[in-house]
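As a starting point, one isolated chain is supplied in structure tokens, in the form predicted alone.
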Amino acid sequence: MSQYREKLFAPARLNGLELRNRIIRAATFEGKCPNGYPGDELIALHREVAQGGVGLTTVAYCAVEANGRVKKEMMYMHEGIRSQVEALTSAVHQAGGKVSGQMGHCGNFSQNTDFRGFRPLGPSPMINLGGIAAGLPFAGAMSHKDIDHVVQCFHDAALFMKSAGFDAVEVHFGHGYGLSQFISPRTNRRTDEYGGPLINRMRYPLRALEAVRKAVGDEFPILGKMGLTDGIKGGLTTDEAVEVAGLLDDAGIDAIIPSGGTSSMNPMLLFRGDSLLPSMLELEKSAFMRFGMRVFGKKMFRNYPYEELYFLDGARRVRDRIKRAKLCYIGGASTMQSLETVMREFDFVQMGRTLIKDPLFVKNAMADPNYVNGCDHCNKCAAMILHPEGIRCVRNDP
């Protein structure tokens, strides 16, 4: 066994948390929260991954408030779901694993038909293309009071999550969600202290991070997922993204996960491989949304052939910029060769589709040096977020 393979499977520390290895299940929205409540299938999914040997599994999209959900089927952090959340964290612990929750807010692109208020809010006014079919065609600009409110929501959600048994939290600064909308010059056109130069655009995200740290304490791990680039004209560039990482590092984040793309404008930059469009057209219930996908689909779902380690160059630039935070690689690490390459340079690795294909990946790879996962990056699992039963690997279907 090579030294890098040994490093991958060896125990590791993330702030005050001991992990049994350096493999983290990435937050991939599960679609298993009926009516916004964590369901038994969500618990079973993360229990199985923990039984499969990962060091840390991440529960996707734990919205910090009700208005922070893209869809009403997403959960938000509040006392009404405590028993279900505690059942989930307990199940992971009993299986020998640790569990993180991805804290997020959708900002200006809500499709939530239970939305409370006049319209979704982001950094600047804009058309909410994804929300038109839900009766939310416009997004407004957050006032200072609105920003203060959501910062407090991040604090309160983190406090709840720690008390409900989460071992870590992952703050979502990327993929076009609420905090990312302030970071990106494409969506942030403000002229006050929250807009303009990068240091101003980072003011709100850094306030959210500070609020989370205040809630969880100094020894509780906080990870942050950020974008290396939006992949759209006028969006975040890698040069600025490196500085975003530096600011998060300076603010005391424990681990940085450099990703890329935007869920609402260029999702294939994140996924790579086969287009999500055909499967999403098949599963989308709204005739209006299907029409929009057909008209704008090729522009939104661009062609990015899959390749291993597709974010490696950008992640290296982030690594060279940060001074104290750990670096968690994500982006096309699905073979043992790729994982060993990652371990030469980084501290942790996140895996998504590989663990959807085989939740027992870690145990299987530890037992067989020639183990091949078999994920062909068809991306049908990602489209399954529109399916009533949530995500699964369709290649595993009988």
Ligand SMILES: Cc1cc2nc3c(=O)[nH]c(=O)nc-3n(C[C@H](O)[C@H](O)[C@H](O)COP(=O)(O)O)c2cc1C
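For every residue, the number given is its place in the sequence shown, counted from 1. Quick caveat: nothing in here was measured; it's all calculated off a predicted structure.
Omitted here: the form predicted together with this ligand. The next part is about that form.
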Answer key: of Tyr204, Phe271, Phe160, Phe109, within 4.5 Å of this ligand in the predicted bound form (heavy atoms) is Phe271
Within 4.5 Å, heavy atoms only, which of Val362, Ile356, Val70, Leu45 is in contact with this ligand in the predicted bound form? Ile356
Given that the partner is absent here, state which listed stretch (28-36, 339-347, 49-57, 364-372) has heavy atoms within 4.5 Å of this ligand in the predicted bound form. 28-36
In the predicted bound form, do Val99, Arg213 and Ala255 all reach within 4.5 Å of this ligand through at least one heavy atom apiece? no
This ligand contact in the predicted bound form: Ile391, any heavy atom under 4.5 Å: yes
Taking this ligand as it sits in the predicted bound form, is Ser259 in contact with it (heavy atom to heavy atom, 4.5 Å or less)? yes
Contact test in the predicted bound form: Lys326 vs this ligand, heavy atoms, 4.5 Å: no
Given that this ligand is not shown alongside this chain, does His105 nevertheless sit within 4.5 Å of it in the predicted bound form, heavy atom to heavy atom? no
Stretch 373-398 - residues with a heavy atom within 4.5 Å of this ligand in the predicted bound form: Cys381, Ala382, Ile385, Ile391
